[in-house]
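As structure tokens, one chain now follows by itself in the form predicted alone.
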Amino acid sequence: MSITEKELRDHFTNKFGDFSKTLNGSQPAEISNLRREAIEAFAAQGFPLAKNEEYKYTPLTKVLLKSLKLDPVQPAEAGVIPPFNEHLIPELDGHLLVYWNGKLAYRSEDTPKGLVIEQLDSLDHARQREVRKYLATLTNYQSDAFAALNTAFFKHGSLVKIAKDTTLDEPLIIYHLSDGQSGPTYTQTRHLLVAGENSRATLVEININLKSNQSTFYNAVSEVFLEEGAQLYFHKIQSKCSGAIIVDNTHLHQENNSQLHCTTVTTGGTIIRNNLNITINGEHCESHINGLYLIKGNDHVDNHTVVDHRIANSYSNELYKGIIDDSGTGVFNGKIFVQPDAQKTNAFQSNKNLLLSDKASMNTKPQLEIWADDVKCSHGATTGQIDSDQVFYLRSRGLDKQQAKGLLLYAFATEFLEHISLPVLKDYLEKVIADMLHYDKS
């Protein structure tokens, strides 16, 4: 029997008291008060319904009601952790964190100089008070139910600090693996990263759902702070996520002269909602935001982005590309805000999509809101099919129809790979794209 939104909301609200008891006094009042504010905000909002404009084309609540029972398994009850090495990307080396069904399963023994990693559930009261000055300062938990749910229930996750003037030669790699081995599972993972002044680092975050026939609900929040002059390459990979319901809230804050290179690659999932929010709060900042989504079957992928220019003399460039087949659905809603003090801003946004079947659909809405007059800004979107003239040209050069289409799709998608900073990751994604598009590179 299906459940109602109110029943699901009440389930989480009622469970909050039991969850708080499990913490057993391990948190200071500052964190307790934050959690209480968050659960009250969640109870007041409830899960978003069809009338909610932000979720108009993404029926997350409807899918949750069909997929989750009233007592889904929490991470602490998620069973024994089996061997996981076979699920990691071969030859992708770096400092490794592996989360299995929401719990830390493995961490590399050696930590490079200048990199400090702590687990949120192991911080003492003093460290939690220190963390509070960052924690939940970027999230919109008062207005977004999923951010509120995570803020109330988070327990597992990492606190990452990159010291001033530190350059990490190898990436930090975070895997989130789930298999729902004990039944439908929900996780509320939280990450907090602070990149110190003039630091340089690469972060790779990878989601994999290992059992496509078992529902998992992954509700995550990440807050990232780039201090003056910091440079971060952030690659988010959602691969093999069939069966997964993912809500990913990522918030980034940039100070003077910082650079962000953010890429998101999604190759399927029952329903995935990526909220990427970037606040540019300094001069001479650069933000390069790129996304690629390949959708087939009945999968649904929704990318919501916000770039908020608050200070003068900054630059952002955003490009999202999608290929949608079968009855897949894509959603893109990108917003650029240029505040009154953000003169001399250059901001560009584009969304390009290819539909491969009559049942495939795409809802796209790029937006600009500008309150400054000395700026250069543009936005646009295209949705269409493969260019028949290009197919004809390639067939005239000896390719058959399927080979011609495969080559054009492959070229459309792999143009994105120039934004991937790690050669091993680039090669892996190139193979994933080729396999999905049935393109033989040989």
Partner chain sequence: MLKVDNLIASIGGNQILNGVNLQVNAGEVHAIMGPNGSGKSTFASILAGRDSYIISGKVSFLDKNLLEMPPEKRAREGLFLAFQYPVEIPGVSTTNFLKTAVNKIREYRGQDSLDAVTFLKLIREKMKLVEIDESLLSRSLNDGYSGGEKKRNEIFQMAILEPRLAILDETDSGLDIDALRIVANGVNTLRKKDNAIIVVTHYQRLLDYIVPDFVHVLYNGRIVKSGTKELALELEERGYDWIKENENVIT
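Numbering follows the first chain given and starts at 1. Remember, it's a predicted structure, so these values are computed and weren't measured experimentally.
A second form of this protein, the form predicted together with the partner chain, is not displayed here; the remarks below concern that form.
Close approach of Asp400 to the partner chain in the model of the complex, 4.5 Å, heavy atom
Asp400: contacts the partner chain in the model of the complex.
Using 4.5 Å between non-hydrogen atoms, is Arg395 touching the partner chain in the model of the complex?
Although the partner chain is absent here, Arg395 would touch it in the model of the complex, with heavy atoms inside 4.5 Å.
Given that the partner is absent here, does Gln390 sit within 4.5 Å of the partner chain in the model of the complex, heavy atoms only?
Yes, Gln390 lies within 4.5 Å of the partner chain in the model of the complex.
In the model of the complex, is there a heavy atom of the partner chain that lies within 4.5 Å of any heavy atom of Ala44, even though the partner is absent here?
Ala44: no contact with the partner chain in the model of the complex.
Could you tell me which stretch in 49-57, 400-408, 25-33, 370-378 has residues with non-hydrogen atoms within 4.5 Å of the partner chain in the model of the complex?
This holds for exactly one stretch, 400-408.
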